[in-house]
Each structure stands twice: as C-alpha cells, then as structure tokens.
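A single chain, nothing else alongside it, follows as structure tokens in the form predicted on its own.
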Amino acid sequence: MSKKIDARGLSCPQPVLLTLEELKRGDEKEIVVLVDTVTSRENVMRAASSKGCRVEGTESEEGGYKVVIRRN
C-alpha cells in the first residue's frame, strides 16, 4: 500500500515539507506525491534522495506530475 500526498496548488517549500514529514513517520514503503510545477517536482525528488530513498519515477499527470518514492 502507498501513501498519497496531494500537494498540487501548494508553493514551495510546502510540497517538500509534507514529503519529509511523511518520510519521517516511516509508515509506508511507497509514497506518491502529486505536484503541479517542475520546481516542486525537482525539489521533492531531491529531498527524497537526500533521505536515502529511491525515486521510482515521475509521470506527467493531468495538471501536474506524480512522483513515486520508495524507501530502501
């Protein structure tokens, strides 16, 4: 099961903060983050990588991007 974070419409650094908060909780093996700007996508990917997670992929979604993060 994965945790979904809908950060569309939020400006940086809010998507990153929500992602880091969820990573700190440690409940789910996979986290899906929805964002609507390239900058937010890149920042979320960088934050996840800095915490030792794998970014499985980013897909274009209607009106934004889907970033899939997996814990190692």
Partner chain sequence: MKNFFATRWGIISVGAFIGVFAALLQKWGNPGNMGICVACFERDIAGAVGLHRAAVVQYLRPEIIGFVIGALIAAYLFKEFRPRAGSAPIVRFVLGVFAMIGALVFLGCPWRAVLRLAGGDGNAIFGILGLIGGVWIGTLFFKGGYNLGPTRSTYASVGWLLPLVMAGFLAFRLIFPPINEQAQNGILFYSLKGPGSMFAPLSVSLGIGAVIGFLAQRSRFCTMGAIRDFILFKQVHLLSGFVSLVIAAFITNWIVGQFHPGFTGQPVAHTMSIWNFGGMVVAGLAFALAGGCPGRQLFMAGEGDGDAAVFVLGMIVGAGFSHNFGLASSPAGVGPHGIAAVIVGLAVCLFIGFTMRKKA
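Every value quoted in this text rests on a predicted model; they were computed, and no experiment measured them. Numbering follows the first chain given and starts at 1.
This protein has a second form, the form predicted in complex with its partner chain, left out of what is shown; the following refers to that one.
Exercise for the section: Please run the contact check for residue 14 against its partner chain in the predicted complex: heavy atoms, 4.5 angstroms, yes or no? Expected result: Flag for residue 14 set to yes.
Practice task
May I ask you to state whether residue 34 is within 4.5 Å of its partner chain in the predicted complex, using heavy atom distances?
Solution key: Residue-level check for residue 34: no, no contact with its partner chain.
Exercise for the section: Using a 4.5 Å heavy atom cut-off, state whether residue 57 contacts its partner chain in the predicted complex. Expected result: Because no heavy atom of residue 57 falls inside 4.5 Å of its partner chain in the predicted complex, the answer is no.
Practice task
Flag residue 30 as yes or no: does it have a non-hydrogen atom within 4.5 angstroms of any non-hydrogen atom of its partner chain in the predicted complex?
Solution key: No, no contact at 4.5 Å.
Problem - Heavy atom distance at most 4.5 Å to its partner chain in the predicted complex, all of 10, 20 and 39 - result: Looking in the predicted complex, the three residues 10, 20 and 39 all sit within 4.5 Å of its partner chain (heavy atoms).
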